[in-house]
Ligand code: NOJ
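Form predicted on its own, single chain, as structure tokens, below.
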């Protein structure tokens, strides 16, 4: 019997709180602003929200360095504002998903302060190691953000592990007391009425016993020893047994370098899964290698291979999480689409993934075609990872070339304030914005698209409405056509009621298109297209079509 979880029928909207909407004029996005825009989110057809971290934090990694898991930061409006948003969302039949970040905490967290002072029971809440006899680091693992994975604490006279920023100390999940703390956090929010969690780099929480040196990876040393570690499944099972199984909630896990086969170890619905969905990175790697900073030319075949691998690999077994943008990657129009054909390519990219099987997520600003940001000075960047890249990687290249790497690869392009209108600061705030507004806000904004039936915004509304109405999207199988094409992505969805054919051009040129064998186009209805006039055998630049056959 099919697992009928509520998340399978919803479209969720991701909010990165700092840059969504400022409701009190202090320049920082907040929950007051979110509350003002709940009806806007609902109008898109979205019936759920995933919040990036709202907790108190020093802000070294924009909230992913948490100093208190059981509170809402005052800069976002505090707990009262959060409860108002939570109630407002539920009144609109919208679910609310929180970000759970338990691989690490801020070094400003009380646990860490007590741990380096060796105050029980916090002494072993983190991964501490003495320096080796020869004065070297405990092992050769790399941080994914800055330098090596170890930082010295003078008071404790030991190193602590940080797989990310120096101020993000890794928790020792092997300590059962730490796992009890995690369960307290989960229970606290679920009891309040939160509907689930997106678990940040959760596959990193179990490190290989003994923390051995890594002689396998030439770069990102250690990742083979802390990704999908020896006790990961055991700990996730514990969280599900002791907490999640008691609630009607959804658990989504961020999982770098995961394959469909590996994902099924966690989300196979026939095997009492410990998770509901996993966020894979494969569909974000069609123009880069490993991270967005190692930029390569966009390769549609690589993207199609990733889409098809996940659609086919999970079919009948697990459920896909679908996305093309989030807070961790540059804007998709600038990557897989075209700023020259911004409107056309933004609509096409929406079609390319919204009709796949799974639960789609839309990232703030994606629905109006927000694009990358091109600052003139590297000092304008806020992101800790971006700044490390500029000042420590490829330093033999000219400053201009290094800045260009950031234009292609920085997460900050997705973190500029949402562009609500063409007034000062894009309508994001009446004060001084905490971060730079993209200069194209006078052209690209919600207000200018709201009443334009041909806008990207209204195209998203049409596409989301359609995907909810079409049974083949929810239940149908998936078949890809023209796998070798480097310009066209063609796939079908089919169930017992209807057949769909989706065609997307990733080219700025006219492209000849051959109808796949077995599709009688005389009986097809073109139910969605981003152009008014359609040539049956020629695709216009970044054209997208959805055909339907009712049985």
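Numbering follows the first chain given and starts at 1. Because the structure is a prediction, the values reported are computed rather than measured.
The same protein has a further form, the form predicted together with this ligand, not shown here; the description that follows concerns it.
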Assess the spot marked by 101, 104 and 411: is this ligand within 4.5 Å of a heavy atom from every one of these residues in the model of the complex?
-> yes
Here the chain appears without its partner; judged in the model of the complex, the stretch of 463-471, 200-208, 177-185, 268-276 with heavy atoms within 4.5 Å of this ligand is 200-208
Heavy atom within 4.5 Å of this ligand in the model of the complex, from candidates 164, 373, 126, 381, belongs to 164
The one option of 61, 495, 511, 47 with any heavy atom within 4.5 Å of this ligand in the model of the complex is 61
- How about residue 284: is it within 4.5 Å of this ligand in the model of the complex, going by heavy atoms? no
**Asked** in the model of the complex, does residue 228 have a heavy atom within 4.5 Å of this ligand?
**Response** no
I'd like to know if residue 254 sits close to this ligand in the model of the complex, meaning any non-hydrogen atom pair within 4.5 angstroms. yes
Q: Using the partner position in the model of the complex, report whether residue 328 sits within 4.5 Å of this ligand, counting heavy atoms only.
A: yes
Of the residues spanning 128-161, the ones with some heavy atom within 4.5 Å of this ligand in the model of the complex are 145
